[in-house]
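Only one chain comes next, encoded as structure tokens, the form predicted on its own.
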């Protein structure tokens, strides 16, 4: 797959096959893509925790909201990737403080893009979950830093059909000077 094929194929998966585990070699390929993701000063101010089995289900419980039916698919997800804070390297910390820019959030966004793009290459579905309860997930995963994102990962279920991408018109999104 070239990049444009990945960009066109990848979508947020909200229906997973709970009976189909993800092969370890596919998870490792996705983690390698994440390892290669660029970050400010190459500092990688995050930690990735891969949760499977009962740990994935425990994490899933803290990504859902039953009232608004947010992430109700999460209990069927075989792999939950938890992304938590780690300290900046000194140069990125200085730049972040001096410029008032949260490089960690930018770096985690890039990381999530790399992870989900490689998941698409591996034939897996993924969804970046921002609706999370950080503290319980942090406790489940024995983490030092706050949890910022959780990415669901698995084989798409039968209800996950390709959807048309709804995006802004190029003229509303890009200015050439």
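Here the structure is a predicted model, which means the values were calculated and not measured. Residue numbers count along the first chain shown, from 1.
This next part talks about the form predicted together with a small molecule, which is not shown.
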Problem set entry | Contact flag, residue 168 vs the small molecule in the predicted bound form, heavy atom cut 4.5 Å | no
Exercise. Counting only non-hydrogen atoms and a 4.5 angstroms cut-off, does residue 131 reach the small molecule in the predicted bound form?
Worked result: yes
For this session: Consider residue 88 of the chain shown here, and say whether it contacts the small molecule in the predicted bound form, taking contact as heavy atoms within 4.5 Å.
Result: no
Exercise. Is residue 11 close enough to touch the small molecule in the predicted bound form, meaning at least one heavy atom pair within 4.5 Å?
Worked result: yes
Seminar exercise, completed: Of 121-129, 134-142, 47-55, 29-37, the segment with heavy atoms within 4.5 Å of the small molecule in the predicted bound form is residues 121-129
For this session: Counting non-hydrogen atoms within 4.5 angstroms of the small molecule in the predicted bound form, say which of 111, 60, 117, 149 makes the cut.
Result: 149
Seminar exercise, completed: Residue within 4.5 Å of the small molecule in the predicted bound form by heavy atom, from 159, 163, 24, 20, is 163
